[in-house]
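First, one chain by itself: the form predicted alone, in structure tokens.
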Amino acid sequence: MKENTSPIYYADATPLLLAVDCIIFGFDRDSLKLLLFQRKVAPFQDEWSLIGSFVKQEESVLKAAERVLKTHTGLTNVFMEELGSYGEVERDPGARVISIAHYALMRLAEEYKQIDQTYKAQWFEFDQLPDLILDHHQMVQDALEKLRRKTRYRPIGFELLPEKFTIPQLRMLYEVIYQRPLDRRNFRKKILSMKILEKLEEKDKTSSRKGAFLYRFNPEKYQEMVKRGVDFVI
């Protein structure tokens, strides 16, 4: 066995822990929800928390966040983006810990609503959030603000919708994210003028007998729009 003769650098550095925390958003037809977990370890055992983990020696920060998401929701290939770092000296009484927060967007299809049973988690509406540990409430507020900015200029809102949706469902999503009403006629006119939606022959008749036509987001059309220099602005 070859002996490790590599020189030791940074011998005088103070050790600290690096963690990732995931803010997981879900949209359920008419409300934006947040997935929370009851913490399994001390400190703050059994209190409500975002889900996180320490970064392992052999993985990148992004891989750690992806591992946390898959381990605790069973999901892969969902939209996830780095939010920022949280490194106040006394943020965690357990040790000196810096956390790199990420936020994720997921569609709340029926099978994903059962995450709370399978992974001992719970979906909360934003006006019913419990107290959260550490600085997790600040992470949630920062993630919500970033989501509002991103959905205004990029079509990431479609990550929260089912594959097929109505224009009213799309408008309601943006109203929930922005926390304000949007003019129905102007919203419809604007979103259709972008020509990034594919109109289907199917209708959603859950809210009326006449029903509303279903649409599907067309990412290729969106890329064409970007190349033409047209901005996605809601």
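Note that residue numbering follows the sequence shown and begins at 1. What you are looking at is a predicted structure, and each value in this text was computed from that prediction instead of being measured.
The protein also exists as the form predicted together with a further copy of the same chain; that form is not presented, and the subsequent description refers to it.
When contacts are judged by a 4.5 Å heavy atom cut-off, S207 does not count as touching a further copy of the same chain in the model of the complex. Interface membership of L129, defined by any non-hydrogen atom within 4.5 Å of a further copy of the same chain in the model of the complex, is ruled out. At the 4.5 Å threshold, heavy atoms of E59 reach a further copy of the same chain in the model of the complex. Remark: S85 counts among the residues lining a further copy of the same chain in the model of the complex, judged by a heavy atom distance of 4.5 Å or less. A heavy atom within 4.5 Å of a further copy of the same chain in the model of the complex is found for exactly one of L75, L144, I98, M80: I98. Contact check for T71, W123 and G229: none of the three has a heavy atom within 4.5 Å of a further copy of the same chain in the model of the complex. Comparing 164-172, 193-201, 180-188, 48-56 against a further copy of the same chain in the model of the complex, the single stretch with non-hydrogen atoms within 4.5 angstroms of it is 48-56. Contact annotation for 17-37: residues with any non-hydrogen atom within 4.5 angstroms of a further copy of the same chain in the model of the complex are L17, L18, listed in sequence order.
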